[in-house]
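In structure tokens, the next block holds one chain alone, the form predicted on its own.
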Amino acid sequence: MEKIVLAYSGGLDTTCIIPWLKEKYGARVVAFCALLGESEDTEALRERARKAGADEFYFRDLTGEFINDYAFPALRAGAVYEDSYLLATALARPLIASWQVRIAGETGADAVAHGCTGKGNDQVRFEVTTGALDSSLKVLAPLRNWELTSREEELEYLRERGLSIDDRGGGKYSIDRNLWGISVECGELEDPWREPPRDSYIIVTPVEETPDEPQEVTLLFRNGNPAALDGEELEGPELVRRLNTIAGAHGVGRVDMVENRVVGIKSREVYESPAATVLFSALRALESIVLEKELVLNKRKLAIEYGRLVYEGKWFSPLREAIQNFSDTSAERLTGEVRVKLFKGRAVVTGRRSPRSAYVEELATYTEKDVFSHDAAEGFIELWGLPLRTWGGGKDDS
């Protein structure tokens, strides 16, 4: 191997990986850092990577691409994993890995590397994505097979090589953050019986600390994409950022779940995704008045499969892309407004309207405006129930 592109976060693990790769493979290391809406000091990251021995440093602000080309498509598909997780980290990994592959091509690298552990989901997402986009690249996962077993050993490894790098601290939890959501695990959360401690809250306020008055927000969607908040047109990232703040202050968007990881183990995870939670509920409400019944039913079924594919690292699979095409076609009609009340951890839809609405008041009403043909119901029921009457009438009672 001559050159390796490392997905570099600036943490101790990936900082330690730089000299380890250089020593083990005698290769040049390109540190690649991606911004997905979180705040980072780019120059500090560059200097940290340089001190660790990186030969090149690449930084890309991918926030817009992440929200518009990954988060919003998943929103249009209604993607959620195991009824709860809105896939923030799972959506970020294929984007980062795709850029690793791109930079490998630009720099002439023959390998990529990541800092994922051997029991998590992210290793699967990075490596499956790389294989789908460029199977000629070698994928290296140092944390799966190197000799370092603790944070203290990693720090000592760096000190032995004369690397004076401030340890930013591992903290009590393992946290992954992007604009669409936050994943929190490890520490006290590993006991599924224990209530998550107050210090595990990041952007969502505990319900008991939220305002005692509700707040309503109005969201405008165009073709299934969020376009405005409370009447103000906003770009995707800014809309998500503002809605995170508003909904998070009311305790909305926190999920505590035990999920089934790709590698076969169960893991207790806490997720925070205020904006995603509100947008998911709002778009479903818009679907309810716009989309035809059979379309909605089948969209729900495909959403489950879509969520599983994303969770398992198969963003670039033909099935995910096919379901995306189906979802985007149905979303072409999803233009309208939804009003949502935020209060004590809940996001409750209180109104929805659309120029493409299939809701007809004259058909739904029980007032004198009613135009529904009640007489037609008898014949409808006769034919609708015919298969079951036939089945029931043919039973053998002997």
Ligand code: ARG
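Quick caveat: nothing in here was measured; it's all calculated off a predicted structure. Throughout, we count residues from 1 along the sequence that is shown.
One more form of this protein, predicted together with the named molecule, exists but is not displayed; see below.
Q: In the model of the complex, which of the stretches 245-253, 275-283, 172-180, 299-307 has residues with heavy atoms within 4.5 Å of the named molecule?
A: This holds for exactly one stretch, 172-180.
Q: Exactly one of D110, E216, E185, E238 has a non-hydrogen atom within 4.5 Å of the named molecule in the model of the complex; which residue is it?
A: Contact check passes for E185.
Q: Please pick, from D134, E259, D230, D328, the one residue with any non-hydrogen atom lying within 4.5 angstroms of the named molecule in the model of the complex.
A: Contact check passes for E259.
Q: May I ask you to check whether T89 falls inside a 4.5 Å heavy atom distance of the named molecule in the model of the complex?
A: Within the cut-off, so yes.
Q: Might E287 be said to contact the named molecule in the model of the complex, defining contact as any heavy atom within 4.5 Å?
A: Although the named molecule is absent here, E287 would stay clear of it in the model of the complex, with no heavy atoms inside 4.5 Å.
Q: Going by a heavy atom distance of 4.5 Å, is R93 a contact of the named molecule in the model of the complex?
A: The answer is yes: R93 has a heavy atom within 4.5 Å of the named molecule.
Q: Just checking whether Y311 would be counted as a contact of the named molecule in the model of the complex - the rule being heavy atoms within 4.5 angstroms.
A: Yes, Y311 is a contact residue.
Q: So which residues in 116-135, when you check the named molecule in the model of the complex, have a heavy atom no farther than 4.5 Å from it?
A: Going through 116-135 in order - heavy atoms within 4.5 Å of the named molecule in the model of the complex - the hits are N121, D122, R125.
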